[in-house]
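Shown here is one chain on its own, the form predicted on its own, set out as structure tokens.
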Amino acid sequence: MGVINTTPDSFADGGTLYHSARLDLDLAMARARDMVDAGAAILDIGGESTRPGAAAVSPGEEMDRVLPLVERIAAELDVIVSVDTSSPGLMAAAAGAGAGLLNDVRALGREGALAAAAATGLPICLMHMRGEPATMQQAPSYTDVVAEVADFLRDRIAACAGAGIDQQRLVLDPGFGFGKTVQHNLQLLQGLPRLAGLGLPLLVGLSRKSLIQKLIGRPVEERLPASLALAVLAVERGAAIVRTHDVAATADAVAMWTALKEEGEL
């Protein structure tokens, strides 16, 4: 899953898709094509930053950032378009624009999101986050982070069932970096097989995360080697989808692990 942020304050690309304070659709499409050519099966389009401390944007602004790109990618590229949103209105509009997956960091927790997602008929990724982006990193605490994340995801699976969303439409994301300390993130990575035991595909996003800076002191632009190591470790522990800003390198790293596994070396 390749990441394309349509926000001017993205931590990963610093708003490099913007020109004169506006999203440059042609530039964004060039990035999308490059990612598909490099091996992305899914492109995740987000219009609201969810980095720690991020401020919310209005539903209208989020739609303006996301929908034109979703429409163009769906029309021009052979790839699944994922929309990273918690907004019920954008979920409905994105489905009409050609999206093939809804990716919600709030696990359909906003008012109206369950009903909106159910009505689209699309697959949905449910992510664990403690708190909100603006406050989630203020002293997060768990007794057993893996067990508590698993319990939360079970509850959201049940809520989806109550809204008529079949379990086969669901993907789960443990939410690395979303209301977790470095130690919590490491415990989650070690405990991924327990989460895979929930029986649904796992999506893991560790690409360029601040975890890397806190462990080995690397700034965003120097986090690729560590991101690749984390991607391979996540796949080895049961991740089915890897969300990444660096598609070509990540695809190669995972392909090498897959080749060894298929030869019985792992």
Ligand code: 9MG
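When you see a residue number, it is the position in the sequence shown, counting from 1. Predicted, not measured: the structure shown is a model, and the values here were computed from it.
Although not depicted, the form predicted in complex with this ligand is the subject of the following passage.
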{"item": "Listed residue (M35, A234, L69, L203) with a non-hydrogen atom within 4.5 angstroms of this ligand in the predicted bound form", "value": "L203"}
{"item": "Selected contact from L153, V105, I124, V79, since only one has a non-hydrogen atom within 4.5 angstroms of this ligand in the predicted bound form", "value": "V105"}
{"item": "Contact test in the predicted bound form: K209 vs this ligand, heavy atoms, 4.5 Å", "value": "yes"}
{"item": "is_contact(S227, this ligand) in the predicted bound form, heavy atom dist at most 4.5 Å", "value": "no"}
{"item": "Segment that reaches this ligand in the predicted bound form - one of 170-178, 114-122, 157-165, 87-95, heavy atoms within 4.5 Å", "value": "170-178"}
{"item": "Sequence-ordered residues of 243-264 touching this ligand in the predicted bound form, heavy atom within 4.5 Å", "value": "R243"}
